[in-house]
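Presented as structure tokens, the chain that follows is alone, the form predicted alone.
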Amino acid sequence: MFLRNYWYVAAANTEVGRKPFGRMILGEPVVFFRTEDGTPVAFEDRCAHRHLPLSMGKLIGDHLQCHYHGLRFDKTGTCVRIPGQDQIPPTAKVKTYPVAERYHWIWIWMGDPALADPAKITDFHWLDDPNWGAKTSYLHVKSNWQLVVDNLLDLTHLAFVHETTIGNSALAEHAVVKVTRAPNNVVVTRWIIDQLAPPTFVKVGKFSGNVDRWQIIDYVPPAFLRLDVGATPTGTGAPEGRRAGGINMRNLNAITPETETTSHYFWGQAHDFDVKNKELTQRIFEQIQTAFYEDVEVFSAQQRNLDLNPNAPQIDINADTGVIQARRIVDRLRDEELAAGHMAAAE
């Protein structure tokens, strides 16, 4: 079961245009398009007549025409034309979803439309803030969305999976870790003091000696993780808030379930130094992207084993504290949504 009464990232804003675009979200087929004035729209990707995906159709003005028999639907999902007949059945409608465009992403609300308040969209302002250089990307992941969340909440894996880019042994052996939980939030703070910088940090920050490095992971449900990461030359005061002379970045992650075993992974990388340097932004992005490809291999391999034996036992270690807290939040929110749904059905 998925949490439905939340905003999810459905697409990059560049993916949605005047050509219908289909994508599976939370196990439901959805078609996206823009009206002539540029407004994004989302329908269930299923014609009300004979179930053909509407993403196979085309736009006639602001009407989406089905490829099979030519039925046309306006932006409210109401059928406005059936070739060969004048009377349109009142049930000739397709389901629509609230959508919003923010931070270069198209967001969708898959739950109760009455609850779809755009003010509740998770903050990713770094992606379009002129004081930050940033670039976004998308990965299709053959794994359950919670495996991706687990990975981002436990960064000890960087020492082993990403030793050629953003990881080194200090992350596992010398980190001071603190986990803070609020009702709907988990923050994992990691400090690695007076240790060598990893390869990517050396390339970007040009560090010649040891550094004080931080990783502050801010998780909000269902699957949004905003990482404040960086380093300064050791002893210059980063733990006390003095970050001058180092590098300061944000790694931004929005994971959207496609099915129970596949996920859409939208992510971005931002930095607040030399922000007009597009070459630097690209270089940082490519380093992080290399690490993310390594993570995708891990998620996919985990899912393959889970598909073979979903009930295989597993152990927890100290590094799993943030993961465990986040999963408890999701379990509670799922129970609350189920209870609310039962109450609504009873009424």
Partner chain sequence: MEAPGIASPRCLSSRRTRPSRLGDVPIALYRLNDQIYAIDDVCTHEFALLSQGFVEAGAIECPLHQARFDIATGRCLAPPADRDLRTYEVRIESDQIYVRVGGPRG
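Numbering follows the first chain given and starts at 1. Note that the structure is a prediction, hence the values are computed from the model and not measured.
Another form, the form predicted together with the partner chain, is not on view; read the next lines as being about it.
Novice: Is D320 close enough to touch the partner chain in the model of the complex, meaning at least one heavy atom pair within 4.5 Å?
Specialist: Flag for D320 set to yes.
Novice: Consider R242 of the chain shown here, and say whether it contacts the partner chain in the model of the complex, taking contact as heavy atoms within 4.5 Å.
Specialist: R242: no contact with the partner chain in the model of the complex.
Novice: Could you tell me if R181 has a non-hydrogen atom within 4.5 Å of the partner chain in the model of the complex?
Specialist: The answer is yes: R181 has a heavy atom within 4.5 Å of the partner chain.
Novice: At 4.5 Å between heavy atoms, is L333 in contact with the partner chain in the model of the complex?
Specialist: The answer is no: L333 has no heavy atom within 4.5 Å of the partner chain.
Novice: Could you tell me which stretch in 309 to 317, 51 to 59, 295 to 303, 26 to 34 has residues with non-hydrogen atoms within 4.5 Å of the partner chain in the model of the complex?
Specialist: Of the options, only 309 to 317 has residues within 4.5 Å of the partner.
Novice: Just give me the residues of 319 to 333, first to last, that have a heavy atom within 4.5 Å of the partner chain in the model of the complex.
Specialist: If the 4.5 Å heavy-atom criterion is applied to the partner chain in the model of the complex, 319 to 333 yields D320, T321, I324, Q325, R328.
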